[in-house]
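First comes one chain, alone, set out as structure tokens in the form predicted alone.
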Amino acid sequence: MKKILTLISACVFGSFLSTSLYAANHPVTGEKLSADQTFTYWHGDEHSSQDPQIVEDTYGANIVRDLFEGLLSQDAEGNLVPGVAESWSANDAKDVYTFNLRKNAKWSNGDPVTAYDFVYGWQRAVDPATASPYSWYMDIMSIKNGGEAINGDVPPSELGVKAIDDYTFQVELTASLPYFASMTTHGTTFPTHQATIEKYGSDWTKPENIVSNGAYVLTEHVLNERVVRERNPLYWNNADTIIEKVVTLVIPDESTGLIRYLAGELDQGPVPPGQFKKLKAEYPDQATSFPRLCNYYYTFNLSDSGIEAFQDVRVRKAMSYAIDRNVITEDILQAGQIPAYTFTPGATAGFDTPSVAFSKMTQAERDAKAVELMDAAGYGKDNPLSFTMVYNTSEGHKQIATVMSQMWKQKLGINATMENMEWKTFLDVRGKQDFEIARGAWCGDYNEASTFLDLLTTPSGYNDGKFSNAAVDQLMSEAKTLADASSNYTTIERILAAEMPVIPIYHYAGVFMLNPQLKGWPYDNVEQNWYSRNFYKVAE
């Protein structure tokens, strides 16, 4: 007998009378609305793609959530709410999930959105011909034949998804996965329009070609400059959407981004490292900081293309111990970031941050141990270790890399050469293991510890350092079938602290400037899956 997991009304605001003329006041809050309902915000770099099955970065995910809608979405607290699916259920074993789709969802060309569009999108994600950088995500969702399809052992048509009828989509899993529904808010699982992709190929995401099903349609994309999307009049809940136009401006320099925000060009802008306290004092209703479900780390290249020194765990641990994380969070960033000694952030639901050995040491003790480990490995100021550390272009990343290299130089005699790269080049270099040590960061795709720890399993598509540990793989495999996997996650974190394949630096805070006229930001959603359709601007 199936259990209905949840059924939540999708109606949030009540209907507006037209798509272009607003009532003078917000229909729920009563606030007077601004005549200008354009939301303009900052991105630090060009996004990877607006194709749901190709996008692989946070910047791109923000855009994809406006253009497309998946089975489920999230509310301001991160709870699941209906998207294209009005309701969903699971069998008692929680290895078969059924989604009942709304009949009024349409593509931007007027076609109905059906279960077959989800079948196509999900099969496309695992098809080797698509070369989705996120195909591995479909595998960790435990979908039947997911890994086999990704590896080319079975055709994508064998993936465990099917359309029972036009408006019933069913997924068969290989294991009980209680949090499966929450994984469907990720862009990789969004539907795509088969006829459009088959007609235009890789050009299907251009503004003149794209067909999407979200609250907005793409109207302009100027590479490395801006992305514009405007309200989709065929979106099923268009009547309750208030923001008319969303503009993303690409401004690589954070200081320039802040200047343009303060000049009124942006509704949301960056806070350069070290400036939060000053900005908070000067603009208390605009400078904001809150916990994020994200980590910041450096990963060693442990593949055959990496340098020999990094194969020595003593070197890896010494380099990690020598980093004074408090200097980075308190002196450089100064905006509520948390020093990290585990890979998984403490903000993760159901995760109790375990105590790992090096987190209990003082920094002086860590420094002394680092020197001892480097000496034992044969390195020191008389025989310095040299390597290149790479990061994507950003004022903040540069400052962090600079202080890390200085700490290594002063404490361990290490010569670290810094190299910054444009975002897409950086992703390519890191993905091909064409680096020695590289910056990494991860924001949870869903709110459970496995979204982080899966990254360091042997088959993970984002295990860019190619760390491989049989115990970690086994513990993660077991965790998928456990009602409470916390002890597995604790053991894995302790293995990571002992092996140090990555250097955890800090856990993120959401830090930015926000125009006080813009309302509806989901501060309590630690995943920060925001949707422009939930925003509105009030009159000054």
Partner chain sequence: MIIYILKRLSVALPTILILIIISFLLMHSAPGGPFTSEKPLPEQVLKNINAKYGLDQPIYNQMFNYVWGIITEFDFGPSFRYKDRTVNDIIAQGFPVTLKYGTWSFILAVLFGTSLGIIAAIRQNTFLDYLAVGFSISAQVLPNFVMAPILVLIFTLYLGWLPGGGWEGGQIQFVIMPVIALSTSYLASIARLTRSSMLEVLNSNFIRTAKAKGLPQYKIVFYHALKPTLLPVISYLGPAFVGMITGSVVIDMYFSTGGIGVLFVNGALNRDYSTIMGITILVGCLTITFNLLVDILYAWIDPKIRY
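Residue numbers count along the first chain shown, from 1. The model shown is predicted, which means the values in this text are computed figures rather than measured ones.
Heads up, the form predicted in complex with the partner chain isn't pictured, but that's what we're talking about next.
Colleague: Using a 4.5 Å heavy atom cut-off, which of 134-142, 351-359, 76-84, 332-340 contacts the partner chain in the predicted complex?
Modeller: Contact-bearing stretch, as computed: 134-142.
Colleague: How about Asn447: is it within 4.5 Å of the partner chain in the predicted complex, going by heavy atoms?
Modeller: Residue-level check for Asn447: no, no contact with the partner chain.
Colleague: Under a 4.5 Å heavy atom criterion, is Arg439 part of the interface with the partner chain in the predicted complex?
Modeller: Answer yes; at least one heavy atom of Arg439 falls within 4.5 Å of the partner chain in the predicted complex.
Colleague: Any chance Ile54 has a heavy atom within 4.5 Å of the partner chain in the predicted complex?
Modeller: Ile54: contacts the partner chain in the predicted complex.
Colleague: Considering only heavy atoms, tell me if Phe180 and the partner chain come within 4.5 Å of each other in the predicted complex.
Modeller: Outside the cut-off, so no.
Colleague: Looking at Val250, Ile243, Ala322, Leu373 here, can you tell me which has any non-hydrogen atom within 4.5 angstroms of the partner chain in the predicted complex?
Modeller: Checked against the cut-off, the match is Val250.
Colleague: Note which of Ala175, Ala195, Leu234, Leu262 lies within 4.5 Å of the partner chain in the predicted complex, where distance is taken over heavy atoms; exactly one does.
Modeller: Of the listed residues, the single hit is Leu262.
Colleague: Taking only heavy atoms into account, state which residues of 397-435 are within 4.5 Å of the partner chain in the predicted complex, ordered by sequence.
Modeller: Contacts from 397-435: Glu422, Trp423, Lys424, Thr425, Leu427, Asp428, Arg430.
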